[in-house]
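One chain is shown next in structure tokens, namely the form predicted alone.
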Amino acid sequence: MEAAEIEELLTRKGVKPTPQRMVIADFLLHTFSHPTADEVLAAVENRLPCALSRATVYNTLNSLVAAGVIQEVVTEAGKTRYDANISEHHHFVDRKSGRIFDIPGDMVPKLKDNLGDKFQVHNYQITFYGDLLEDA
């Protein structure tokens, strides 16, 4: 996704495309690593001519989540990660490396359909934890 496309996406989602937001969105839209806020800061802090504060990164991430540009992913207690893949999908966490992999939504049954009319499910994510078998 090019800069003009990112600017159009942010504008369409109601997020003012400031230089800081553009740099953060660009990074997230081009990574599959599911970074934390601190990892986002470390990755983008040298891409701007002025200093980028931790507060600006957190505020931008919150704005992007609220606008539906990215989503939060919690794979361990107390650590929020960010994912620009907003399609219906789940995650697999490799216990050895900590790497997170996207699992297409259609690989997991539609569990929400089995809950009946008592629950109104808007969204859900399932996180699998295990070992990545490179040779399998």
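Residues carry their position along the shown sequence, with the first being 1. Given the structure is predicted, the values throughout are model-derived calculations rather than measurements.
Not pictured, yet referred to below: the form predicted together with the DNA.
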Quick check on this chain: which one of Asn46, Ser87, Asn59, Ser33 has a heavy atom within 4.5 Å of the DNA in the predicted complex?
Asn59
As a check of understanding, the residue in Ile100, Leu52, Val65, Val108 with any heavy atom within 4.5 Å of the DNA in the predicted complex should be identified as Leu52
State yes or no: in the predicted complex, is some non-hydrogen atom of Gln71 no more than 4.5 angstroms from a non-hydrogen atom of the DNA?
no
Should Leu29 be classed as touching the DNA in the predicted complex when contacts are defined as heavy atoms within 4.5 Å?
no
Heavy atoms within 4.5 Å of the DNA in the predicted complex: does Glu76 have any?
no
In the predicted complex, is there a heavy atom of the DNA that lies within 4.5 Å of any heavy atom of Lys16, even though the partner is absent here?
yes
Looking at 18 to 26, 123 to 131, 5 to 13, 110 to 118, which one sits within 4.5 Å of the DNA in the predicted complex if you count heavy atoms only?
18 to 26
If you apply a 4.5 angstroms heavy atom cut-off, which residues in 21 to 42 are near the DNA in the predicted complex?
Arg21, Ala37, Asp38
